[in-house]
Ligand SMILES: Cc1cc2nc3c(=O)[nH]c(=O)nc-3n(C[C@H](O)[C@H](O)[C@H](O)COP(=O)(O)OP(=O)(O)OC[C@H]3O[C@@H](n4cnc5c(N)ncnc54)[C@H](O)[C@@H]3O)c2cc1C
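What follows is one chain in structure tokens, specifically the form predicted alone.
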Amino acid sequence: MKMTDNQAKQDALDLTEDSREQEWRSASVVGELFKGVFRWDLIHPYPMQSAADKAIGDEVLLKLEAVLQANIDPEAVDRDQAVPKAALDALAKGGFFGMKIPTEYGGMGLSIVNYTRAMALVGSYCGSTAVWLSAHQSIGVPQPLKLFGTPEQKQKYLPRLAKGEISAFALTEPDVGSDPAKMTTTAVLSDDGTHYLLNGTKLYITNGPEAGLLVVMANTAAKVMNGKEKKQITALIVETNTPGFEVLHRCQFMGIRGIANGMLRFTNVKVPVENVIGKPGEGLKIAFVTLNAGRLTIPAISAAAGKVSMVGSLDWATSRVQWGQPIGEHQAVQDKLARMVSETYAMDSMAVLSAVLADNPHRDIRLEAAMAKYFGSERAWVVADDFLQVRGGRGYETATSLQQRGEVGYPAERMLRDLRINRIIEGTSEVMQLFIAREAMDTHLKFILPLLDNRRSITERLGIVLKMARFYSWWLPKQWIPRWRCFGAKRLSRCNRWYLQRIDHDARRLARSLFLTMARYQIKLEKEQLLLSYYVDIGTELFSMASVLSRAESDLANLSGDKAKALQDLVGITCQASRQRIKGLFKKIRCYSPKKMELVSRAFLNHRYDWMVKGIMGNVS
């Protein structure tokens, strides 16, 4: 059994490695940080949307806001657990289901920046509506079709999708989340080679119950390479009016209650071979690439949630008086307000930066997108929780109830519920940490993985060792050599320019610490997920600081007087908070000892704490 488990792990690792993008199209600011190099030049001057493109986006946002206000009541959507069909039809008529689809196929052809601006606007108003649009365009059929589809596929499907025919992305299964190696859905090629017969069940498919088109990931015939079978996952376009397709269940959730999400079953569904996206066996790679840019919706919506929190908190903190003064004058509330503004500025800086970079076809933003998603989803939850706390009972009360009592209906509790899903969808925070860690360590793993491959000959391994020796003989000493760099950021205060030096210093410390950790654990490092998360969190803080400093340098060109000083103070408190967290994370790495955590966890799993849970009523049927 042990050999079987080990083989299953190796097969899963091989499948993931074969499916990830092997080469980097360009230097990544995040990737370079993990190598010990702070490439300030990659993000400074802060990348800006062109004036012409911004004008296009401004016009779209005005039309979108009008459609939302005329057709959607966010509280009714939450209460009734549905976005009205009339509202979806209005969005479709306005072309908003085709924002990312090229104009030649009937879409708007928006840039990624303008698309994320639009999604931020929708998300700030109604989270459920944002999910309908995002699941369709960010990860649904349009995106993989744009990237990997044939001209015939694009001509057939993109016009339908641009007009508002709903689509969805079907990967997850009842027993398969982030481990596609265990996928059981199959697509078997017919004897005449004209079609596949699709069988299986998919779960948590957003838009699935209402979709007319799906991109479905399924196992096709395995390939034999070097005497060993290799799993082949293929992406298929499925029309849901095909016999054999059925919706088994429509899921209900704590938040984003107006979405359509469910369990889907395929029973001998005939899929023409011309509906394969890319090539057979490329499905997982297509999924990974699709998610790279698709993840940028969540950072934009997260930043928008921070802005909504700022508006609602400002109103309450200045009008609510306790003990003779507005609550905003109390230090405990000030702490929350300062964190709210700081985190929102950081989220927005990372979201906009990543989106602008994504519009450049020559930039590889897989790490920036993943980190912006991870950072945004985590920090937006904290900000929304602070928003609710600042408003107290009025934060916990629903907006509908507030309005019925004659008060302003700030949706603090609904927003908190809606935002919680962002730490789960499109890669849980834990999976994002592992993804970032794998990509960040690519420089080292290119040596280590082949070296540990037992299938390689002694001669091949010796060659790898020699390459490693040449590389590390110059790379490793550089990580210990102190240096002083002059960063072009004249508008930043002296204190804030100093933080640029700290990023440079901590990047080298991060790189050498990660290298020593890899040397210690080698292939077993993959099991030390908590330790890897510390390194990812350090890299995330460094990217956050870099984004904030670059954005501030740009913003200060348009600010003066009290507003400029206020921004310098904001940048200072943001970077100081990151520095404190970085110090704490390096300390955790230095003192890393998960043994007691493992012992307690295993004791719990072995029912050794059952004595603690007496005196409660079971409510699981």
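In this text, residue numbers run from 1 along the sequence as written. Computed from a predicted structure; not experimentally measured.
The form predicted together with this ligand is left out here; the points below concern that form.
With the partner omitted from this view, the residue of Ile139, Ile101, Leu88, Met340 that lies near this ligand in the predicted complex is Ile139 [heavy atom within 4.5 Å]. A heavy atom within 4.5 Å of this ligand in the predicted complex is found for one listed residue only; from Val390, Leu514, Ala170, Leu416, this is Ala170. Residues Gly177, Ile205 and Leu434 are all found to lie within 4.5 Å of this ligand in the predicted complex, as judged by heavy atom distances. Partner contacts here mean any heavy atom within 4.5 Å of this ligand in the predicted complex, and among 400 to 408, 448 to 456, 254 to 262, 122 to 130 they occur only in 254 to 262. Taking the partner from the other structure, this ligand in the predicted complex has no heavy atom within 4.5 Å of any heavy atom of Ile523.
Looking at Cys495, you'd find every heavy atom of it more than 4.5 angstroms from this ligand in the predicted complex.
Although the partner is absent here, Ile425 lies within 4.5 Å of this ligand in the predicted complex, judged by heavy atoms. Of the heavy atoms in Met310, none are within 4.5 Å of this ligand in the predicted complex. Residues of 26 to 49 are not found to place any heavy atom within 4.5 Å of this ligand in the predicted complex.
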